[in-house]
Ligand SMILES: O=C(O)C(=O)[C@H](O)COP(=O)(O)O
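Take a look at this one chain, the form predicted alone, written out in structure tokens.
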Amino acid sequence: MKIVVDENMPYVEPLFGALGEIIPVNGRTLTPEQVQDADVLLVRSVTRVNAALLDANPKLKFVGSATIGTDHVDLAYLAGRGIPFSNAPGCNATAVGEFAFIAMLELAARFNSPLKGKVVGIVGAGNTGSATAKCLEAYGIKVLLNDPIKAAEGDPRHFVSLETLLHQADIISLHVPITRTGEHKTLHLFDEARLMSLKPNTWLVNCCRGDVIDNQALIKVKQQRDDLKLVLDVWEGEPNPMPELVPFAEFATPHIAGYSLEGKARGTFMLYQKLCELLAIPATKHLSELLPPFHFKAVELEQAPDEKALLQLARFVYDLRDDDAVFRNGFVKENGFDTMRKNHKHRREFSALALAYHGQSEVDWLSNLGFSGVGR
């Protein structure tokens, strides 16, 4: 069996090596010739999976995408040809939620404006938006959810209109898929008018798709409103962000909010499980076998952490400032954006760090936030 796989997808060899021949490829430049005799195709969001890519392949048995979204895959085409497809919904939700939460803690420290007491509006209450809300609520932050699709589906959570969210939120975190047409179009959801309507000193965090914000309009608005603070992990025109926009972001990264080792492993593992199911063979590998040991065995707390100490704990797990610095130096280089993504192999999730503390009841919120081993 020939398995064509994006070279940036981790843990492919230990999971799929016994199932067939693995052919790594550049997912962004994948050609029909490279995939024409593949039995299995494993991609990420940078690969457009459609008739143009697959028409020359008569034998494809499975397409898997180690992503939450499916906007890069022509699902109708695959269904029409009877090619099974699976993605990995929720695989990197925890990573994205923790990234957004850490970014907010970093902004709070940078501008001496505590996160505690602010109102955070989350636009898009799917997997990543819900994971962000989980972190914030564990820390005692008031969260407003906006998701008209979830609301129409009968989701029991309380939702507010986007207008209400814009009026009340001190921080806005974006977690919607890119939808280019229809009643709930998200393309340029935050256009110039909406950006200008943001409350004074709003923090705007985008960890979903760059096109959800009109980046040209964002440049124009930031030139007039220095009070708005930006965290941008995604960009219009990826892998070529607008160079003029980058200096306006407090933190800038190359679409790696979901790139924790845990999230990456989980995404690939979910595709492995699905392929084994299709092949009617037992899945003998285990997710826990893939992850390396964390460099801190445990951190002992003398007292419940305040916000400054919480940020220090978060930095033990992931220091956002490092990726921001690398991005600013590297995004203008040839293939710099994709090179940074490919080389991003250090990020962990809160669960990697065990905390030891005597007063269990005082730090239950740390366990709810995701840290392991809280209390002793």
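If you're wondering where the values come from, they're calculated on a predicted model, not measured in any experiment. Start at 1 with the first residue shown and count on from there.
In what follows, reference is made to the form predicted together with this ligand, a form of this protein that is not presented.
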Taking a heavy atom within 4.5 Å as contact, would all three of Ser86, Arg266 and Lys274 count as contacting this ligand in the predicted bound form? no
Where, among 307 to 315, 324 to 332, 43 to 51, 30 to 38, do residues come within 4.5 Å of this ligand in the predicted bound form by heavy atom distance? 43 to 51
Would Arg348 count as a contact of this ligand in the predicted bound form, using a 4.5 angstroms cut-off between non-hydrogen atoms? no
Could you confirm whether Arg341 comes within 4.5 Å of this ligand in the predicted bound form, counting heavy atoms only? yes
With a 4.5 Å heavy atom cut-off, would you call Trp203 a contact of this ligand in the predicted bound form? no
Mark Leu60 yes when one of its heavy atoms lies within 4.5 Å of a heavy atom of this ligand in the predicted bound form, and no otherwise. no
Just to make sure I understand: among 203 to 217, which residues lie within 4.5 Å of this ligand in the predicted bound form, judging by heavy atoms? Arg209
